[in-house]
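Okay, here we've got a single chain as structure tokens, the form predicted on its own, with questions on binding and movement later.
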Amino acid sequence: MAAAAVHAQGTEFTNVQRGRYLAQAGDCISCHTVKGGKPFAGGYPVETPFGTIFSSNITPDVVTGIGNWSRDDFYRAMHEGRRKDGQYLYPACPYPWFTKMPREDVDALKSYLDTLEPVRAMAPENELIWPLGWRRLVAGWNLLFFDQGEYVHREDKPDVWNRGAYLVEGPGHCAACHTPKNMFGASDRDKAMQGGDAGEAWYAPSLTASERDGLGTWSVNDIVQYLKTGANEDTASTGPMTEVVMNSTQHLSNADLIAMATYLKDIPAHKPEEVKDIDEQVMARGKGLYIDQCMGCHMADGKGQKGAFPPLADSPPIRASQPQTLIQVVLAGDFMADPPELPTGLAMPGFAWKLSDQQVADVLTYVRNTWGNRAPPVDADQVAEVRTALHEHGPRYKRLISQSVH
């Protein structure tokens, strides 16, 4: 019996470790932790076009958390989007993607969450426009947009592709940000991974094989390096993606990162929007601003400084179809990811205090259409919208929560 007990404990330890890894793959901590709060205790405000939804407490507290949830309860939440009491979860919880996780992975995740410190913390009431506070309406949304079911292995694809597809489409829920949404807040499946709204006026770029603004010019190794460190020869992560790198992808094995990259490289390219000729006066104003404000770090040829300041020249993220992320970085500044493999953590200062909306628009239009770049121009109204969002939500880097806190 003693030997059996030791074996059982070893199995449970392995299961917990597997669950911890899956929690990292799903980046659970980013949405279930308030800056400065206890990890996984919920209360994080998720902004949506329909109002604010506050994340739930997923620590094992029996009153405010999931301490009295059985494994069946937890599996139903992950697979059907239903709470223990049967009420519908809002799809701000990524159950449309978590439903692809097999039972053993969901059980392992529950085993890990059960080892966390129980935290007594009740999430605030959601702030949704009428009548969306009535959770039964989610049943209609599910009927239209939710396909329940675990990931199905593709026999015509190699194992590494299938593993990557599972991680990207399942626990990683990459499409939640990188796919545009329809008027009901559901992913537009006809435009999967073509770039989307990452919330709070951030834009998640295309992950298709488009060479202009997707991953078409990146190799598998380029993608792996980016996910592992937040940077590669083309760019450096910003805003929400830096959180993803620090809390999630840097912790994944190289084998899994290669699998994800293999799957992403197989997503067909989309056709980017055609770009009309850019006004010469705008380009001239933008060039002057670039020389005055940007050239010291990013250099006259836009190639940056290797290992320090990322290049702007011939860079797919610079050519993203929507400029909101670039506007955010120019206005508020940002910090690079600083994982152990690339602990530089260099920062860019914000220019909101010294550049007008029109000046930010001009310099970004210039950068997006110079040194091999070609992308739609930026206008002052787009900058004004991001500036307003920035005033409301604050710089994203100030809310970065590191996985190392627990």
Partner chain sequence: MATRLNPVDVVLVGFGWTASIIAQELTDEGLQVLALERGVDRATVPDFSTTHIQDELRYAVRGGLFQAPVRETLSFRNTRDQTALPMRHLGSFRPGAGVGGAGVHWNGQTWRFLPDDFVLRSHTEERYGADFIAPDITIQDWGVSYDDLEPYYDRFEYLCGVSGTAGNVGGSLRQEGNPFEGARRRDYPLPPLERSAGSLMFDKAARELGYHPFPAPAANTSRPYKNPLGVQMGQCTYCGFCEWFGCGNNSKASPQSTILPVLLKKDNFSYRSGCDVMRVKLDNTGKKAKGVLYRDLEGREYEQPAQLVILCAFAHHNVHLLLLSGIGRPYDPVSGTGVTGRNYAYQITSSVEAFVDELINPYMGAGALGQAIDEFNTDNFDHGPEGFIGGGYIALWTTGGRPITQHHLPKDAPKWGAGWKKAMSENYLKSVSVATHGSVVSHRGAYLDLDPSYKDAYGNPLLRLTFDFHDNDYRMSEFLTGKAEGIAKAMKPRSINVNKRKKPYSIVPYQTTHNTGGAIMGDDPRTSVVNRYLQSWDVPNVFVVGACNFPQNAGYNPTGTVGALAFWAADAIRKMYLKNPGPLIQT
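Residue numbers count along the first chain shown, from 1. These numbers come from a predicted model, not from an experiment.
Beyond the structure shown, there is the form predicted together with the partner chain, which is absent from this document and is the topic of what follows.
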{"query": "Contact test in the predicted bound form: Phe351 vs the partner chain, heavy atoms, 4.5 Å", "finding": "yes"}
{"query": "In the predicted bound form, Ala347 touching the partner chain (heavy atom, 4.5 Å)", "finding": "yes"}
{"query": "Contact test in the predicted bound form: Lys271 vs the partner chain, heavy atoms, 4.5 Å", "finding": "no"}
{"query": "Proximity of Pro124 to the partner chain in the predicted bound form, heavy atoms at 4.5 Å", "finding": "no"}
{"query": "Segment assignment from 296-304, 155-163, 128-136, 193-201: heavy atom within 4.5 Å of the partner chain in the predicted bound form", "finding": "296-304"}
{"query": "Sole residue of Pro49, Gly37, Pro343, Gly372 within 4.5 Å of the partner chain in the predicted bound form, by heavy atom", "finding": "Pro343"}
{"query": "Listed residue that, although the partner chain is not shown, lies within 4.5 Å of it in the predicted bound form (heavy atoms), from Tyr88, Tyr75, Phe335, Phe145", "finding": "Phe335"}
{"query": "Those residues of 307-330 which, in the predicted bound form, come within 4.5 Å of the partner chain by heavy atom", "finding": "Gly307, Ala308, Phe309"}
